[in-house]
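Here we start with a single chain on its own, the form predicted on its own, put down as structure tokens.
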């Protein structure tokens, strides 16, 4: 336990020193600020771009438009940036030999994997929380009369999908020694989820539904209970991937 906490502090310091934490916070802060602004200004921008004789009529923007921007940015660019930032979670230290030195001095390999996953979860949580807080504040200011349903639950689902994706990422990192291999395996896992989602019966059990049904939850077109199975399976798969990562890394020759 002591090795886990010490290495976790070291990981947090490394993310601060290498500006990875700063990059994550800045990217998600930009999304948080621009989400409601884009929703508010987009109709005016499109109208200004209209040519002579062409009339563009758009409905008045609402809070739903701001949250649509939030989930679109967070699930697309946000998760892509997150995966890229964390793709070298093991390979960079293994290539430099710093991790090997720590392991030879008695650091548990289990503590390495668990602390790295915990640090990634903390950074992801701080980033998505910052993005949500900024989007919520600006949305309430720009659209004070609009109300949304199941907002916190829909954001929780997105956060949980991020945890699942990070579990796949740490598992990928134990299978390959390169950043590109880690990205490739993670990409294949996401594509597999997307392919399975083509089958309607699989949707309610598919982890990717946690990142695709968010607007449906907010607009009350999707029942909260319909995602319970996906939440349970995502948690189980995350636990399995982290456990497999520990097992593989303990047997891995460095």
Partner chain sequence: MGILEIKQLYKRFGHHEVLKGLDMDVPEHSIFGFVGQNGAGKTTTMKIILGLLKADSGSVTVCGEKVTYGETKTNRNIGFVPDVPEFYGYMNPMEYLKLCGEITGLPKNKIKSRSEELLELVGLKDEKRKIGQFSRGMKQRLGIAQALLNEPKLLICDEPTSALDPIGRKEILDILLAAKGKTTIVFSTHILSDVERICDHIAVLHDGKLALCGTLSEIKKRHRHNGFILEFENEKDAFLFENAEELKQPSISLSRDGTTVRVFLTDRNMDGHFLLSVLSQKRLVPLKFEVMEPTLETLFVEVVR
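Just so it is clear, the model here is predicted, and its values are computed rather than measured. Residue numbers count along the first chain shown, from 1.
Same protein, other form: the form predicted together with its partner chain, not shown, and the subject of what follows.
Practice task
Only one of 178, 125, 149, 101 comes within 4.5 Å of its partner chain in the model of the complex by heavy atoms, so just point that one out.
Solution key: Contact with its partner chain in the model of the complex is made by 101 alone.
Exercise for the section: Give a yes/no on whether residue 72 approaches its partner chain to within 4.5 Å in the model of the complex, heavy atoms considered. Expected result: Residue-level check for residue 72: no, no contact with its partner chain.
Practice task
Answer with yes or no whether residue 144 is in contact with its partner chain in the model of the complex, where contact means some heavy atom within 4.5 Å.
Solution key: Judged by the heavy-atom cut-off of 4.5 Å, residue 144 is well away from its partner chain in the model of the complex.
Handout entry: 4.5 Å heavy atom contact, residue 243 and its partner chain in the model of the complex
Key = No, no contact at 4.5 Å.
Practice task
Give a yes or no for residue 107: in the model of the complex, does one of its heavy atoms lie within 4.5 Å of a heavy atom belonging to its partner chain?
Solution key: Yes, contact at 4.5 Å.
Handout entry: Heavy atom contacts to its partner chain in the model of the complex at 4.5 Å, residues of 3 to 37 in sequence order
Key = Those in contact are 6, 7, 9, 10, 13, 14, 17, 18.
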